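Just the one chain here, laid out as structure tokens, in the form predicted alone.
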């Protein structure tokens, strides 16, 4: 998968020190209000990561001990680069947000399971808030497989939306809580509107299909995911056709701390860092899924 970063010079082969210990920041930018994007050079990580996987990123802010988990927004093996998009929510992300060109980062990963991309049906990617951060690479990987893609993105206001040109080749529709652009309401409201409005539904979610011929990929706050599951129940959309990227508390990222446990439909729990973060929605017990973390 190739991602064009305009105006960025190719680093020399020894610019980064490789996967797991010494990625080097090559670009820092603000792609949308409240978010930072860091592009790092780490050829081994760029080659290994799959869409939906994450890294545990080392931070050296005062009084911080644990690494911070961040999904790769995209990767470009040809240039050896990986992009991360994140909000500043605490000391760790604040420290990370001011890393600049030439500074080193310690990446552990890639970790977890990404999205299952290998089908031939159309895909609707549903992003709420910072959940959009995982989708630039996912969309490009789907398009590279010849799949038709629609992106539905929701935010509180238009300045918090990732620009549509980050999803070139996909159909993009947006929703804002304040109605400043696109559909007024949540991104799940927008999805529901598309389902019942055949003339505005190029992927034919409405009518007899009702999701049966379309895959849904979703990432966002737990309340958004629960709303999606409720909508699926009302519209008879099979949960097996929905994949969700879970946002759970994650201390270690390697299955030791048990902080990322999510309730399993079969009883007990699954570890998001091991069996996710991308899982089929039918594996989760949504009645027991708590709103613990917004990423």
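Positions refer to the first chain, counted from 1. Owing to the predicted nature of the structure, the values given are computational and were not obtained by experimental measurement.
Another form exists, predicted together with a small molecule; not displayed. Remarks below refer to it.
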Among 49, 228, 38, 250, which has at least one heavy atom within 4.5 Å of the small molecule in the predicted bound form? 250
By the heavy atom within 4.5 Å rule, which residue out of 123, 139, 85, 175 makes contact with the small molecule in the predicted bound form? 85
With the partner left out here, check for me: in the predicted bound form, does some heavy atom of residue 102 sit within 4.5 Å of the small molecule? no
Give a yes/no on whether residue 79 approaches the small molecule to within 4.5 Å in the predicted bound form, heavy atoms considered. no
Applying a 4.5 Å heavy atom distance criterion, does residue 133 contact the small molecule in the predicted bound form? yes
Is residue 93 near the small molecule? Define near as a heavy atom within 4.5 Å, in the predicted bound form. yes
Of 146-154, 67-75, 175-183, 162-170, which is the one stretch near the small molecule in the predicted bound form, taking non-hydrogen atoms within 4.5 angstroms as near? 67-75
